[in-house]
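A lone chain, given as structure tokens: the form predicted on its own.
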């Protein structure tokens, strides 16, 4: 598990063995079963998660009880209810396993310690945060300017593996369409 995180970090910054041991000491290994929750709405969000293996969905439940999937997270992705994590407020979303999932979790305290005391990790976290902001803006723009068919084709082009791993009902929710519409789009 640990080497996967090292390779991921070293895509951005190089680490010596001692530096990597220091970084890894700030994380905890956790395992979750299919359908388990890492975060539940209205609970405190104490960790951010790096996915070693498995697949997660981040879900927002609206006032009418409709579930909206805001993101998926698979191997080498980071996920949390980031607003709640960084502001230490209650979760607005839930994070749930679609598959059996193994993660490395980091608390806000350890995240801040690494960022404050180790410039390489501060830079790494900045690069990951920026990439997340860019992806979020692209997703928003896609909803504002693209048809359902175009969003489907963008997702298929960017993340074809999701179509093998994610049930159609969940893909439909992520794309903002009904399952029936998704079926039409996929033909």
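Positions refer to the first chain, counted from 1. All of these numbers come straight from a predicted model, not from anything done at the bench.
One more form of this protein should be noted, the form predicted together with another copy of the chain, which is absent from this view; the next part is about it.
Peer 1: Please check if residue 69 has a heavy atom lying within 4.5 Å of any heavy atom of another copy of the chain in the predicted complex.
Peer 2: Yes.
Peer 1: Spell out, yes or no, whether the shortest heavy atom distance between residue 98 and another copy of the chain in the predicted complex is within 4.5 Å.
Peer 2: Looking in the predicted complex, residue contacts with another copy of the chain do not include residue 98, since no heavy atom lies within 4.5 Å.
Peer 1: Using a 4.5 angstroms cut-off on non-hydrogen atoms, would residue 119 count as touching another copy of the chain in the predicted complex?
Peer 2: Yes, contact at 4.5 Å.
Peer 1: Decide whether residue 26 counts as a contact residue for another copy of the chain in the predicted complex under a heavy atom distance cut-off of 4.5 Å.
Peer 2: It does not: once another copy of the chain is placed as it appears in the predicted complex, residue 26 has no heavy atom within 4.5 Å of it.
Peer 1: Please pick out the stretch from 36 to 44, 49 to 57, 127 to 135, 155 to 163 that is in contact with another copy of the chain in the predicted complex, where contact means heavy atoms within 4.5 Å.
Peer 2: Result for this chain: 127 to 135.
Peer 1: Taking a heavy atom within 4.5 Å as contact, would all three of 31, 148 and 167 count as contacting another copy of the chain in the predicted complex?
Peer 2: No, none of the three is in contact.
Peer 1: Can you list, in sequence order, the residues from 142 to 173 that come within 4.5 Å of another copy of the chain in the predicted complex, counting heavy atoms only?
Peer 2: Heavy-atom contacts within 4.5 Å come from 143, 144, 145, 173.
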